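Here we start with a single chain on its own, the form predicted alone, put down as structure tokens.
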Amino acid sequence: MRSIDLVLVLDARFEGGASTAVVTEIAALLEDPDLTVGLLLIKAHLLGLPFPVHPQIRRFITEGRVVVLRPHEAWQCRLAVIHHPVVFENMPRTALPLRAEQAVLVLHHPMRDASGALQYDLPVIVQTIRASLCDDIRIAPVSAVVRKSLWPEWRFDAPVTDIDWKNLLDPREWPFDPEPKGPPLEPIIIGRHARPDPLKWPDTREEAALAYLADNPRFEVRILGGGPFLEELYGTPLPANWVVTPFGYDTVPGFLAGLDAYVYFHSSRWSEAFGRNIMEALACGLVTVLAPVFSREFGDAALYCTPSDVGPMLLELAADPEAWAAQRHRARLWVERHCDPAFARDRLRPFGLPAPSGSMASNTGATGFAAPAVQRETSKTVLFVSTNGIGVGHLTQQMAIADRLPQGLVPAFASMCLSLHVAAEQGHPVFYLPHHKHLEAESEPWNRVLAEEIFDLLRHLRPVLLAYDGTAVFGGVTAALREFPDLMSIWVRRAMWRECHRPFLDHESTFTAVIEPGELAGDLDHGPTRARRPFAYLVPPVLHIDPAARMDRAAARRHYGLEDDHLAIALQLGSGANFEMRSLRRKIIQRLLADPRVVILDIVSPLAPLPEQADTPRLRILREFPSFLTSRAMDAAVSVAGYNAFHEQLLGGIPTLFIPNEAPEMDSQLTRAQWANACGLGLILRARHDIGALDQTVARLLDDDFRAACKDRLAGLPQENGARDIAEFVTDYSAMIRTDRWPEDIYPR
């Protein structure tokens, strides 16, 4: 049984104000050297899409500044702070790894909305917390609005804290010039920012036009967090003096710094729990105009009126420089008095934190509360399951993710790939699942056997997460996953599908999340997955090895025994299992060797038979995996346009002649090759179409000026690796306790 002072229990995937407030709270708490802080990650039902953990919370995890409590561990703490009642709307699907002496349930949202509709059943939530985490619970509203929503229906034994658990904000991070700037010049620049949600806006176009001075030449209106929903809500065209941009949290301070005043009105159906967006505007010292409902919360820090009075009120104040400056200072002062991060530690003192050094016990029973029974330790295995393909692409992509998992998560591989040995050679446990084509088996009985094989693996390994990689989702995979509905599972699904693959989209709901690795040529992809991108987690292109981690050029060329005057050309034409390349390969080799500078490094797929060794030392046949590690030795390449090869060549800065595999069951390699050719990032040669242009195309590849220009353009591509993003996603989701399902649900809501 391990001990920790404070644990924050939350669904850390929220993008809005709740997570931003938690980030500020964590940062303030970590400044106290006497306080140890942990996170218990919950997957609640409210976010059905595969959102990653909030990036700033993830940074705390990456830096090792907080401890993440994982399923099947056993911890105790003095205080658990539960952020948002939604995390315990359902019972946890497994025993929590934590028992707390005290708990605070922070209400980030009113119990009833403006229309009186119940938003969550607080008595049930309190009982769930008592049953699973802690007996001693207190309720902490974030604002007067939330506190008011609790009465007169409070009917159970869980006291409300005397103070509100306000959102916090570090004023130093928000621009404010204390010097008086005088009244604003016309047009007066007013603005607002909020996530794109119709409830965050007035109900009618008429109200919005009044509040946001539609077509009034004396005002410019800047809106951060707009989108198509505004035109759906109010019709077109929007007022000419509205400047609308999409929401982005990183741009908020700069956006607010460009305003003279801030105006915020929302729907009559919405109850704003706190209004972090308002607090951010006040921190910047903006003259802020709000609906009267906010007066109880923000007092004299803001001005209050109806939509029709916004314009006259601002113009009147702008005519009085001293009044304008005074209002700016009142706004900033309110934030400094009510939202300083130091309050994060102050509000812990009634709970005995930070505790005297050494006061937390390290074993059960010493702290005076019942610790959870120690459960049988379960392996923290991540099971990677992949389909066959015709090469090693799916398996390589999974190894890229596995290599970036933290210590404590153990990768294991179950694959239909015939080159599974490459994972075994790196020390990973491997399980071979033969594809029905290799067995010459009928699909239906093979799927039954596959389901049993995966079921046995899941029962034996007890993985914390299953990661599936492939275009085809077989019935045996879905049947096995149905037997383990609480298991976290992700489908890493590339784009560039052909229309024949569309039926596999029906299996999205089998998985907890769908992740789509990025495609450099993604703008040209109009396949079946394009319409599903809003429902997937999109990451940059995935590479096994980061381009910067490769051997330097001199070492790589020594590795291959290349001389300074050699023109090294990599030949990587895949396994050839479903697309005839032998004849074209011979012709390409012949044409390349016609240049006396050329040395060809023919890197043969682990799945392809080795061709006969040529009688010239300028053609070297190699079996090397991963070959990207030494690719700085290459001056150019001739390659298929499979996902891995395409992105390695381009992101590795290697001028490449792409020969797409156009077999009908493949993804659209042709689209990738055409994109590279159109952008001046590579060349294309279609095996069945362009044979007459072979000499001319190879001559361009061997032209020094062409390669130099191509390398310059390739150097401008973004150097990001989505393998790291997926590894973090796997790490975080494997630590989450699920409360996103009712007991009778088969699949998550």
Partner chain sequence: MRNSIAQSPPNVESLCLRTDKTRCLMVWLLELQKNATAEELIRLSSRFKTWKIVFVHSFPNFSPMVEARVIFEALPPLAMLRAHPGLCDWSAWLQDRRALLMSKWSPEKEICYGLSFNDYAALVPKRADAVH
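As the structure is a computational prediction, the values presented were derived from the model and not from experiment. Positions refer to the first chain, counted from 1.
Here the subject shifts to the form predicted in complex with its partner chain, a form of this protein not shown in this document.
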query	finding
Candidate from R218, R558, R459, R195 lying within 4.5 Å of its partner chain in the predicted complex - any heavy atom	R459
Single option in M551, V124, L439, I163 placed near its partner chain in the predicted complex, where near means a heavy atom within 4.5 Å	L439
H421: touches its partner chain in the predicted complex, heavy atom cutoff 4.5 angstroms	yes
Close approach of A480 to its partner chain in the predicted complex, 4.5 Å, heavy atom	yes
In the predicted complex, A451 touching its partner chain (heavy atom, 4.5 Å)	yes
4.5 angstroms heavy atom contact with its partner chain in the predicted complex for W174	no
Partner-proximal stretch of 318 to 326, 667 to 675, 425 to 433, 284 to 292 relative to its partner chain in the predicted complex, 4.5 angstroms, heavy atom	425 to 433
